[in-house]
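This document starts with one chain, in the form predicted on its own, laid out as structure tokens.
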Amino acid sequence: MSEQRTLAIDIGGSGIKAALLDDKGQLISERERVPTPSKPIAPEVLLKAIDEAVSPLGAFDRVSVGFPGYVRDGRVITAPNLGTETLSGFDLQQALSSRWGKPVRVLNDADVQGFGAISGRGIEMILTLDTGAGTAIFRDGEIMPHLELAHHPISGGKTYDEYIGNQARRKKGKKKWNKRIAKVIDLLRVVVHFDHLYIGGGNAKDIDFPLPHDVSVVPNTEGLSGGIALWRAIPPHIAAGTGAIGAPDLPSTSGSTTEGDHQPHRGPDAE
């Protein structure tokens, strides 16, 4: 069987990134990036920006997309950092499949980055720090139903997005922002009782305090490389919920999402 080339797309509040992956989830192309259009984004404007990011990469067989909002059956429910008022109800999965004639899967961007980061053992969680905040939870490599914790109040009526998002980092300064990150880690530990917490996203590089042994920063490229798991490791009940077009039969996963060969990233350095 010939190798499948997976186009991985990571849609963020400030940039849209794309790269090609081999069957092991390794990048086999340069990582392309274009600025995310100004909010609120109309569906066709978003599609054109994605086209711009993808066009230099060449041929691909299937597509994985991480989207910064709540996605159900490939359809956007919320897009707080892109424009819920314009994108809610937009079937991004179907639109891209029709545009390229390829099978497409779309999940929340934190879910996708989590697939790239986890070891597949125990309760693992990812917290992404970009324009806003994102979270995903996994149990023995199996993704749990997505929770939009970023929109839950955490302090003084502020949501996670408002408390540790990019605007808060700029307004409060790095020192106060880091204190808030430490507080969030402690709260998530109490709420989730994670075995390991991974922190990703473009602002993770600004964390400057020593992290506990069960917390580590992961490279931002995991938001792309995690896309391979959408085609080989999502449990059937989750795969069905994505409304994937042309999706192959997927095995049930009670262990690692990466077939036991992926180790968690340690250390404070992120790309």
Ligand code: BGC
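Residue positions are given as counts along the sequence shown, with the first one as 1. Since the model is a prediction, treat every value here as computed from it, not as a measurement.
Omitted here: the form predicted together with the ligand. The next part is about that form.
Asker: Would the ligand in the predicted complex be within 4.5 angstroms of a non-hydrogen atom of every residue among G69, E148 and D161?
Answerer: Looking in the predicted complex, the three residues G69, E148 and D161 all sit within 4.5 Å of the ligand (heavy atoms).
Asker: Residue-level contact is defined here as any heavy atom of the residue lying within 4.5 Å of the ligand in the predicted complex; does G134 satisfy this criterion?
Answerer: The answer is yes: G134 has a heavy atom within 4.5 Å of the ligand.
Asker: Whether G122 contacts the ligand in the predicted complex should be assessed with a 4.5 Å heavy atom distance threshold; does it?
Answerer: No, G122 stays farther than 4.5 Å from the ligand in the predicted complex.
Asker: Though only this chain appears here, would V104 touch the ligand in the predicted complex if you measure heavy atom gaps against 4.5 Å?
Answerer: Contact with the ligand, no.
Asker: Given that the ligand is not shown alongside this chain, does S97 nevertheless sit within 4.5 Å of it in the predicted complex, heavy atom to heavy atom?
Answerer: Judged by the heavy-atom cut-off of 4.5 Å, S97 is well away from the ligand in the predicted complex.
Asker: Of these, 78-86, 172-180, 189-197, 137-145, which stretch puts a heavy atom within 4.5 angstroms of the ligand in the predicted complex?
Answerer: Only one stretch qualifies here: 78-86.
Asker: For the stretch 105-136, which residues lie within 4.5 Å of the ligand in the predicted complex by non-hydrogen atom distance?
Answerer: Result: N108, D109, A110, T128, G132, A133, G134.
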